[in-house]
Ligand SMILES: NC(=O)c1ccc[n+]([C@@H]2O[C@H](COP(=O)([O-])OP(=O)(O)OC[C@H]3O[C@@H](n4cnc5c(N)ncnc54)[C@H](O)[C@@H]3O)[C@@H](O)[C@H]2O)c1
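Okay, here we've got a single chain as structure tokens, the form predicted on its own, with questions on binding and movement later.
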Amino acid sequence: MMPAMASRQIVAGRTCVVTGAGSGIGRALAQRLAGQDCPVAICDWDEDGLRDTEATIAGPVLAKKLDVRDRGAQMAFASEVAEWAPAPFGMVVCNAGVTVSQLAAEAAPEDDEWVMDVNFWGVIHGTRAFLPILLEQGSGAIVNVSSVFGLIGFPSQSAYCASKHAVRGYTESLRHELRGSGVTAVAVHPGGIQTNIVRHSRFHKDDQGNTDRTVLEREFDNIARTSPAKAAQTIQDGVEKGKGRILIGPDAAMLAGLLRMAPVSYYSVMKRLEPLVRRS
């Protein structure tokens, strides 16, 4: 009974908010929710991508160019959405994210700060901006997109992993705080999704010591097997079922299982399995 009730309260016909909606998972989520009669408020730093997403949505939509690092701008956006919203709020999805590929000993501090500011502080600002609205109405979900790298560590991704582990910890703490409020907090952990995050990354060196970003892009394309549309479906299904943690893709499920079996040596196991993954 509870999952069905959550489904009616959280998604159907409710106003939903998606950050990072200019491409990838964010765009797919906005399109999926709009197709289910949800008014959608969307934002992205990439104004061209945002407008492209907006053009694909037939129902009520509010689109705003926004830098999620800007706390004041996020607060203003929440106020604007609250005034515009033609229906009670459902999901607020903090999805915007970036990455940098570099070794920790050689890291450019400004790149580490950029990743943390977008991935972690962007989530905190979005949560703080919209959570009071959800608490006042006594329903809805804060959905924060972490990563499978929020479960494990990976060479050359120290800042990205740190930011996504932080999102996980913040969201899980929030979930416990919200017990009995009618509002839920959900951490999402995508594996390899067919998005442009690597192409839009800041690149110095990958885990193999390679300094040619096109090699990393090809490697990512080889392992990114899940479409943004499938990711959007998995997120919505998980939220409606009342899940507190959502894994997206078979690779995410595999790595979560590997982490349980080999909590310290999982990377060595991953490297031994890598040739099999690349051939599959």
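Start at 1 with the first residue shown and count on from there. Just so we're clear, the structure is a prediction, and the values are computed from it rather than from any experiment.
Missing here is the form predicted in complex with this ligand; even so, the following discussion is about that form.
Check: Quick one: does residue 190 come within 4.5 Å of this ligand in the predicted bound form, counting heavy atoms only?
Finding: Judged by the heavy-atom cut-off of 4.5 Å, residue 190 is in contact with this ligand in the predicted bound form.
Notebook entry, point to check: Hey, in the predicted bound form, is residue 200 touching this ligand, heavy atoms inside 4.5 Å?
Noted result: Output for residue 200 is yes: heavy atoms within 4.5 Å of this ligand.
Checklist line | in the predicted bound form, residue 96 touching this ligand (heavy atom, 4.5 Å) | finding: Although this ligand is absent here, residue 96 would touch it in the predicted bound form, with heavy atoms inside 4.5 Å.
Notebook entry, point to check: Do residue 46 and this ligand come within 4.5 Å of each other in the predicted bound form, heavy atoms counted?
Noted result: Flag for residue 46 set to yes.
Notebook entry, point to check: Can you pick the one in 237, 52, 67, 217 that has a heavy atom within 4.5 Å of this ligand in the predicted bound form?
Noted result: Looking at 237, 52, 67, 217 one by one, just 67 meets the 4.5 Å heavy-atom criterion.
Note to self: Please identify the residue among 171, 195, 101, 184 with any heavy atom within 4.5 Å of this ligand in the predicted bound form.
What the structure shows: It is 195 that has a heavy atom within 4.5 Å of the partner.
Item checked: Which of 105-113, 145-153, 204-212, 80-88 lines the interface with this ligand in the predicted bound form (heavy atom within 4.5 Å) -> Selected range: 145-153.
Checklist line | Site check 33, 39 and 130: each within 4.5 Å of this ligand in the predicted bound form by heavy atom | finding: No, the candidate spot makes no contact with this ligand.
Checklist line | Contacts with this ligand in the predicted bound form - residues in 147-166 whose heavy atoms fall within 4.5 Å | finding: Contacts from 147-166: 147, 160, 164.
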